[in-house]
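Below you'll find only one chain, the form predicted on its own, shown as structure tokens.
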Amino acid sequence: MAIDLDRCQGCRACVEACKIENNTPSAVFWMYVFRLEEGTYPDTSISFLPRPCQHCHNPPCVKVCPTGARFHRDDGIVLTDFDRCIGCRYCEVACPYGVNFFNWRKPEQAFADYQLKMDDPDLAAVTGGLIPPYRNPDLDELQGDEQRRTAGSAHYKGVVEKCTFCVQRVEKGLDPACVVTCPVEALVFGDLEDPNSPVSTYLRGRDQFKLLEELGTDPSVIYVGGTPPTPDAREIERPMTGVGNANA
């Protein structure tokens, strides 16, 4: 994935698209957009930094998983097998990007909360009493040649989840939801090993950087049109709990 920081305007449409497509639990953001402020008043600047899972080629989360639940596919996507995950959260500790989330509740509890909120009279006046679907049936499908439950599915209690690059869409030849939703086309997805792919063409001849690449993780998310955040960068405005969340 290529992310153009010159184009990103911080609208967070990618955040909402991710939550709707993957039905993530309350306050869980597989795609997150940092709003960063640098400098000292009055000479300050604000920038935006979208951060999905980096799907590293040398992923520390895979190395520490004691059961092989976290694995690296041949196509570069890093996924979690929910049937093998024991919830030890080693991957969460090992990841330098903070993209892992432990699922504390059963999906039935989340659905009950969701249905209760959708029954609110104020919402019913807008929706006409219709309740949007809670489950995406594509998430229940087994993915890849390994035929593992990896796309998030019902968000089982006691396992760790993260961005999957919308593997349920990639398996169908589609781009991740965040990519197709971005109104300014700041996100580009494709095969980095194919020199003629959209993402390779987009990156050609442009200055690039990767997040924390000095750690040797070799991320497959590449940023253009900006520079890495400095140590003085401060995150501001973090009121994102429940944005576009079917469970919130």
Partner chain sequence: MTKRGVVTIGMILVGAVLMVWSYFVGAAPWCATGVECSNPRVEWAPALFVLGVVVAFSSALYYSIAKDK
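Numbering follows the first chain given and starts at 1. In this text, all values refer to a predicted model and were calculated from it rather than measured experimentally.
Although not depicted, the form predicted in complex with the partner chain is the subject of the following passage.
Within this chain, residue 67 lines the site of the partner chain in the model of the complex, having a heavy atom no more than 4.5 Å away.
In the model of the complex, the partner chain lies within 4.5 Å of some heavy atom of residue 59. Taking the partner from the other structure, the partner chain in the model of the complex has a heavy atom within 4.5 Å of a heavy atom of residue 146.
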